[in-house]
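Take a look at this single chain, the form predicted on its own, given in structure tokens.
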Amino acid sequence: MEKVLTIAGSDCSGGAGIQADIKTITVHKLYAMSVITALTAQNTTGVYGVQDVTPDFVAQQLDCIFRDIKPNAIKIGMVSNPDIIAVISEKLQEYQGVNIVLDPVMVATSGGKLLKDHAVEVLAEKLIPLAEVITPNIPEAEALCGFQIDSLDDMRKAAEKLSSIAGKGILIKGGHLFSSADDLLLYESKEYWFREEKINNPNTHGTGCTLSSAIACNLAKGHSVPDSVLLAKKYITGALRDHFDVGKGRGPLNHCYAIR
């Protein structure tokens, strides 16, 4: 069985973060492992508190995993401060982590801020170059690129700028910009457009976490980057179409829709 490691924050309400990642990995029939970077007090209505794990303890978790069960793919989600980012970068290089998918989580679906401003530059410098794929949405891509994205051409320009930093796969998710759910993957200087109708479902809590985890799962199974994105898009589209409804705010999608 292939093993997938998620490095992310905990969502006590179960819809995003570590909890969403483990659900996603499990329904892909792979072995899930986790390194927790932060505890959050949140639910479908907002983020009410964030408590960072110490960088030393993040390092200790990574040591324990890599010295015993080496992952076939790694998903990185919420990394809220520069010191945690630095230690993750050091450990992934030390242990030669492969198939790294970076979801540059900055703001929760409910609007709560999850990444400190001064951490963005460190993220771009230390983690983006290690990733096989990064998966920013429009606001995250704007923060990383430094310019506003209002069109398909802007998405292309943003992907090209991020590619010059990372040199690998850049998946820009267009759901914040358009009435459709068209995403752009720039990989090895080639454009891949993944065009989907936008599903009329307000319950989208954790979709970014889930998509990046699904991409990591497919990379672990040996699929190419474009095929991994395609399969992950199909999975998340099905989970949204299930119209799961829990919570008083913007609820999570149904990670288990396919195995009921």
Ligand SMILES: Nc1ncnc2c1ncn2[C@@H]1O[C@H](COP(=O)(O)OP(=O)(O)OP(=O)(O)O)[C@@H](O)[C@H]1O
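Start at 1 and count along the sequence shown; that's the residue number. Computed from a prediction, not measured in an experiment: that's the story for all the values here.
Here the subject shifts to the form predicted together with the named molecule, a form of this protein not shown in this document.
- Within 4.5 Å of the named molecule in the predicted bound form, a heavy atom is found for every one of G175, K233 and I236.
- Looking at D183, you'd find a heavy atom of it within 4.5 angstroms of the named molecule in the predicted bound form.
- Though the partner is left out of this view, A220 does not reach within 4.5 Å of the named molecule in the predicted bound form, counting heavy atoms only.
- Contact annotation: T26 falls outside 4.5 Å of the named molecule in the predicted bound form, judged by heavy atom distances.
- By the criterion of a heavy atom within 4.5 Å, L211 is counted among the residues contacting the named molecule in the predicted bound form.
- The candidate stretches are 52 to 60, 27 to 35, 190 to 198, 220 to 228, and the one lying within 4.5 Å of the named molecule in the predicted bound form by heavy atoms is 190 to 198.
- Residues of 67 to 87 that come within 4.5 Å of the named molecule in the predicted bound form, judged by any heavy atom, do not exist; none qualify.
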